[in-house]
Structure formats: structure tokens, C-alpha cells
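We begin with a single chain expressed as C-alpha cells, specifically the form predicted alone.
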């Protein structure tokens, strides 16, 4: 009788960070170097760092190859097609409907940054779908760094666009025409709310991406683990069918 694998161990090994990278196709393991300390901080590469670098390389190759295809077809007097057309459609959608649609006038200058984030996060998420892969966005340090970058970009851009005085009025806010004690009261109430709002938004972005990726892997791997526990593919069919039936009866 074949013993069922330890599903909990499999889940935690797949979702947690480590200094060991599992190679595909049963090629073994890659033990990353350790002991890289700089001013007492451990900067040794980990599994998530390796897959972040891989995601960054894939982003570059995707944009570079698509750009070459579009440029070549333009030189030939043809409309974009194939892979280049697909990436161009995504780029135009993100630029026009997401970036400019939400930021408004002048938002096009943020399109390269938003597009880089989009493809980078997309590849980080997709790499975790491989059995030997890892999901860097399931690491709180990674999502925290992304949120910090977004926070700095938003606030510094606000200072540049509004000037320091105009930027401070978005924090120390008093409605126009209000003076005296009522203005002081409004200032005392609104200032902490505005400060908390500026900090809560990137914090929420950090936690939402981390929680979504971690919880998603836990659920998928737990359901797949039931196949091995019950030693039957029918378990997978039953768990895939049950949500559909419940949804249809509501």
C-alpha cells in the first residue's frame, strides 16, 4: 500500500521561502549560497529572489520580443499580428483604460511603471503554478516592497504636481470659507484621518496580494492533496463538481 504524502509539509514547502530551489523534471535541488551578511543583514539569495529575477527576465523578453515583432511588421507595411499584437492590446488597455482612465490628464507618463508592475506581478503569480516553482508575491517582504514603491511614487508625484504647500493642504485640510474654532476642530479631525488614509492604502495593497496568493495556493494544494489521500481521481471530479451544483441551486 502506497503511503499518502504529508500534504501539510508539501503545502508549506511550496509556499514558504528557503535557500533550496527544486529543479524541474527531477533534476534534483539547487542549494543557494548562504552567509552573505552586509552590516549584519542577511542578503543571501533565496528561492523567491531567484524567481523574482526570473520574472524580471521574462518581463524584459516579453516586451522586447513583442516590440521587435510590431516594429518589423510596421516596416513591412503590415498591421501587428500574433504575439506582438496580443501584447500591444494589453499595453493599450492598461494605458488607456487603467492608467489614464484612473489618473486622468498626465497619467500617460505613469504607464511604463504601471505596465512593468502588471507584467512583473503577473509572471510572479504564474511561476507559482509550476510544481517546482515559487510565488514571490506570496512573500510579505515582496508585496511590502511593491507597496512601498507605489506609496513613494504617489506621494512624490503629488508633491511635484501640487508643490509642497499644495500637497500639505491635502493632509491638513480645512474646507474653503471655514474659519475660527470650527476650522480648528475640522483640522484636528481630518488631519489624522488623511494621514491614516495615506498609510492604509499601501498597507492594504501589501496584505491583499500576499493573502490572495498564499490562500490560493493553500486551497489548490489542499484539494489536490485529497486525490493522494483517497487514492482516487474521482475525489478531484467530485470537488470540482460540487461548487458548480451549489452555485446552480442558489
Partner chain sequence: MPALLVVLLREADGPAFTPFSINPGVILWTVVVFLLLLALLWKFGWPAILKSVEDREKRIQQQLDEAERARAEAARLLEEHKKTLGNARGEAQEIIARAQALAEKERQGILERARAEQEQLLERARKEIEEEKEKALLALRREAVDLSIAAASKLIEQNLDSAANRKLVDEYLDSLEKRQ
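Positions refer to the first chain, counted from 1. Not measured: the values here are computed from a predicted model.
What follows is about the form predicted together with its partner chain, which we do not show.
Asker: Does every residue of 167, 197 and 209 put a non-hydrogen atom within 4.5 angstroms of its partner chain in the predicted complex?
Answerer: Verified in the predicted complex; spot residues all out of contact, no.
Asker: Please identify the residue among 158, 80, 107, 128 with any heavy atom within 4.5 Å of its partner chain in the predicted complex.
Answerer: The residue in contact is 80.
Asker: So which of 101, 163, 175, 112 gets a non-hydrogen atom within 4.5 Å of its partner chain in the predicted complex?
Answerer: Contact with its partner chain in the predicted complex is made by 112 alone.
Asker: Is residue 135 a contact residue for its partner chain in the predicted complex, using a 4.5 Å heavy atom cut-off?
Answerer: No, residue 135 sits far enough from its partner chain in the predicted complex that none of its heavy atoms falls within 4.5 Å.
Asker: Using heavy atoms and a 4.5 Å limit, would one call residue 213 a contact residue for its partner chain in the predicted complex?
Answerer: Although its partner chain is absent here, residue 213 would stay clear of it in the predicted complex, with no heavy atoms inside 4.5 Å.
Asker: Is the gap between residue 218 and its partner chain in the predicted complex 4.5 Å or less for some heavy atom pair?
Answerer: So residue 218 counts as contacting its partner chain.
Asker: So in the predicted complex, does residue 67 come within 4.5 Å of its partner chain, heavy atom to heavy atom?
Answerer: Contact check for residue 67: yes, within 4.5 Å of its partner chain in the predicted complex.
Asker: For the chain seen here without its partner, which of 22 to 30, 55 to 63, 183 to 191, 219 to 227 has a heavy atom within 4.5 Å of its partner chain in the predicted complex?
Answerer: Flagged stretch: 55 to 63.
Asker: Would you give me the residues of 70 to 94 that have any heavy atom within 4.5 Å of its partner chain in the predicted complex, in order from first to last?
Answerer: Sequence-ordered list: 70, 71, 74, 80, 87, 88, 91, 92.
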